[in-house]
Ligand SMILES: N[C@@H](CCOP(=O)(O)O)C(=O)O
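Here you get one chain, nothing else, as structure tokens; it is the form predicted on its own.
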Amino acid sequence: MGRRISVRAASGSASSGENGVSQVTLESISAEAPPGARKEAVKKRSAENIRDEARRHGIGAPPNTFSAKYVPFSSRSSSSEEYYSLDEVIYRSKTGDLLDVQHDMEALAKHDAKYWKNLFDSRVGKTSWPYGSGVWSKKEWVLPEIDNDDIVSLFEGNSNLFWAERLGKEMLDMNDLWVKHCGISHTGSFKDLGMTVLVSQVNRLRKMKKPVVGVGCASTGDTSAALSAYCAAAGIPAIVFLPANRISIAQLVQPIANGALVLSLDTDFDGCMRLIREVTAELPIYLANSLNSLRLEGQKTAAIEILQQFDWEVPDWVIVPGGNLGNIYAFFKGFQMCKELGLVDRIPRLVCAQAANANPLYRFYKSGWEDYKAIKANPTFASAIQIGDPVSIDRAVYAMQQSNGIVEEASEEELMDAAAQADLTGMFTCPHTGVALSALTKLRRSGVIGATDRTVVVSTAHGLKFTQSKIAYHSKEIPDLACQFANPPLQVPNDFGAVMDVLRKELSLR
């Protein structure tokens, strides 16, 4: 009896794809089929990439009836007559106001909360283009009008939210402490979430023949790494302005390795930011800093992910490190969008944590929002937030006021000790997460955050990008810091007796 060959379309019936070619899946070939038939199925499948497959199936995409536009930030809640297409290269309003991406909420609201929850949840962990990304799984809420073929994604997002059990119980007397590890991403920081959106839009603009020769940013490290990686993936030139000798080697090597044009400047971040703004005003280089509100559309998806990971239950507190202050507004925007569309009934209280050496928002908060002054930021181990004149100050103040939020600060000793304590419970935190953990410790000890409050600390970068500061801490080589949780290696002679003596002493054995 001859072997049977069963060939069918992926949909379950014979059909043709966009090019009129019958679509065959490997699974549709009977196990008894001749080897040649299975080989042919593999060949046809390998000729079709995941973009092709997504186009063919229309995977997970509702009818594209959604849109978004730029509006002046100060008028985001009103019917402003000033607005701009996202296809325009523009960063501020006519009066110099920051811009905000405003979505057509009426169109989004035509689908109920259950629809959005099911849609977003159905895309998690998949490889379907582009919805396997934690950012693009919320495409309709992020950049709804972009063609999927223009998206530049490394399947970022979907980052771990883990229960910090021992840290919470033993050190803070908390039983519901969580850490959202946004540093588990392609380039090791949360900046990937925003950069996939921005570089995708640049990719779209270049295909539209807009005069954009490259993308540039000022950076204290993580932004440059994300920009360089996504530009390299898209084949777009990246230009990076870095403050000389003020970022970690791990951060510096990333844009170099990805082929960016790196300019190391004898200034701080604020100086780099002034220069890149002047340059992008003169040359057709697209500005990638968080002054550009497209970045925040990607970053807000981390807030939506937190709600998803808690089965759409709202935590009591979310603590976010703050430097240029776009991220705290992005988190607020993500939570608020879920509330407006009925996915949740409230938003969490937000805490913005700043290093004491770079704390303009904290000072403004302590003045009762009455006396804002940019400052000269002093060096801090939390180098990515060493910013004294934050671009998104207005956005951050709005987020704090609307969420009944709190701003807290951490000294250099407090942030390094907090990071070291967390590491002793199995974490491996960056200094910026140390700032957030220090803020948590202060608010917990003062009773503002309760023992049973569900609290999320946002970890913004991977600790491996900051090993120099950890080595200095555990070697007790940091001037004026006691480094009380240091754990240096013990120098022991190559002798069995000496080793046994040390083990008995350290392990309290007789």
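Note that residue numbering begins at 1 and tracks the sequence as displayed. Keep in mind the model is a prediction, meaning the values are calculated, not measured.
From this point on, the text means the form predicted together with this ligand, which you will not see here.
Site annotation in the predicted complex: the residue of N359, S228, N289, T280 reaching within 4.5 Å of this ligand with a heavy atom is N289. Between this ligand and the residues V351, V199, I387, V135, the one pair within 4.5 Å by heavy atoms in the predicted complex involves I387. Residue contact check for K300: none of its heavy atoms lie within 4.5 Å of this ligand in the predicted complex. Although the partner is absent here, S159 sits far enough away that none of its heavy atoms falls within 4.5 Å of this ligand in the predicted complex. Residue contact check for T223: one or more of its heavy atoms lie within 4.5 Å of this ligand in the predicted complex. Contact check for A218: a non-hydrogen atom falls within 4.5 Å of this ligand in the predicted complex. No residue of the trio K333, Y365 and S403 has any heavy atom within 4.5 Å of this ligand in the predicted complex. Note that among 85-93, 110-118, 290-298, 202-210, the stretch whose heavy atoms approach this ligand to within 4.5 Å in the predicted complex is 290-298.
Residue K191 is the sole member of 162-201 found to place a heavy atom within 4.5 Å of this ligand in the predicted complex.
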